[in-house]
Structures are given as C-alpha cells and as structure tokens.
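Take a look at this single chain, the form predicted alone, given in structure tokens.
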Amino acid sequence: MRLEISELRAGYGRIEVLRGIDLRVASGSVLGLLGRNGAGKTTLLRAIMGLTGTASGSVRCGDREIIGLAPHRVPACGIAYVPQGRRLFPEMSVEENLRMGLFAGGEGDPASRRAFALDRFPALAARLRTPAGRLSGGQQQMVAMARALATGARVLLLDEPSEGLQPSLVDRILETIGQLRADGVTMLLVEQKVEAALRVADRIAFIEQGRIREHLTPERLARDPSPLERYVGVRRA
C-alpha cells in the first residue's frame, strides 16, 4: 500500500511547522526521513495520524484520503504509528497491549493479525502475561511495533525505533524492518541514527524548516555524503 502526501501543512495552534510537504512512499518500500531537531519530523508523523489539531493538504493511504479523519478512525485505513518512546500501557500485559492494536484495527481477522504480529516478534510469545513496563527497552520497542502490526496496518510510521537501544537490539529491530519490507509493508522511518536509516531505507528524504529539501538514495549518499552534514549535521568520511 502506497503513502502519498501532497501540500501538507500542519502545526499547533497558530504555529505552522509543516509548510507544504510532498512525499511519496512506494508500496513495500522504506523511506527514511532525516533532519535536525525541530525540523518537523515527528510533527509530520503526527499530522498524518490526525494528531496535530490543524492540518491541510492531502494524505492518501492507498486510495483513501485520511486528512480530516478523527485520529481513532485513521488506523482502520491501514496505517499505524509507532511513536517515539513507545507509549505503551506499562501496567497492562503484553497481551493486553496487543489487544489495543486489535481493537483499533481495520480489515482482516483479528486472530490472523495477532499471529502476524507475534510471528515477527517471536521473543514476545514467552512474555505475553508480563506487564509491558517491566520489559527491557528493546522488548518494549518490539511490543510497540507488534501492537501497530496487530491493527492490520500495511503502512507503518516509525519514530526513532532505535532510541535508547544497545547495538545488538538495534540490529534486531532493523532486521525486522527489513523482514516487514519483504512482507510488503510500507514504512516511513524517522531516525536520528543516520547509519541505521541508511541500512534499511530505499530512499532518504531530508526535511528542513518544515519543507522537504532533497530525496536521495543511500547509494548516492555513499558517493556524496555532503547532504548529511548540510541537513543533519553529520560529517561522514
């Protein structure tokens, strides 16, 4: 399922953060979104989900326009958000957190959606009765992604999935992102760890002051890394 964003403007109250965003994420691909703090990365993900309060333009998930929908209706269109910091229900068990995704979901049999989510994160099978707040950071990230998949989403918005994780767990999350791409899941990935984004993204978009400035492939950036310094402040040899 493709994700198409056209002339998206959004912000908070009178403060406009996004100033006409145009993005296309092809079905079954990963688009990495890079930029400095305050550039509008998280606001873009929140605006897609209807969480910013004010937004105009167009966001199409497959053939469905989702701008203007109430936030609780957006997941039924096949799109789910994995927020920065996981945002789990810490006192609820892993199973109960997954049920929240099943409840919010759209098409597809709930049992099949649950099975798909757990198949991608088999380590959770032994933790289903454990309160989410007692899990390690890596396990919590798995629960957050599994909860999103339990909605039946074919488009995932991932906000800093590697945040606070040790390298081995970052590798595990990136491997799962690669597996989901092979499954045909479309992903828009916000990531501060540039190397992580370059490992899994098919293309990289750079955002600056609420506008998309460039689209490049990781291969192009390997030959000329200057955009990384210009838009992210990362110097790469």
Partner chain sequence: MSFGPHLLLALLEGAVTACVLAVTALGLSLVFGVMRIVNVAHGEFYMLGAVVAWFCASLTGGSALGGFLLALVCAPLVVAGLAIATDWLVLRRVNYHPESTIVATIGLLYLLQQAVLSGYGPDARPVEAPIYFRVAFPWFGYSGYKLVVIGASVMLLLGTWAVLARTRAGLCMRATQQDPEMALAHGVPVRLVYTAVFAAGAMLAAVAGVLIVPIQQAHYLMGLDPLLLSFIVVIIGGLGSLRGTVVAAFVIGMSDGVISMFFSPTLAKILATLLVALVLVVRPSGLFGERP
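Numbering follows the first chain given and starts at 1. Since we're looking at a predicted model, the values are computed, not measured.
Although not depicted, the form predicted together with its partner chain is the subject of the following passage.
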Quick one: which of 71-79, 113-121, 134-142, 156-164 gets within 4.5 Å of its partner chain in the predicted bound form, going by heavy atoms? 71-79
Please tell me which of R181, K193, R172, R46 lies within 4.5 Å of its partner chain in the predicted bound form, judged by heavy atoms. R46
Might L128 be said to contact its partner chain in the predicted bound form, defining contact as any heavy atom within 4.5 Å? no
Touches its partner chain in the predicted bound form: A26 (any heavy atom, 4.5 Å): no
Does any part of G152 reach within 4.5 Å of its partner chain in the predicted bound form? Heavy atoms only, please. no
D109: heavy atom within 4.5 Å of its partner chain in the predicted bound form? no
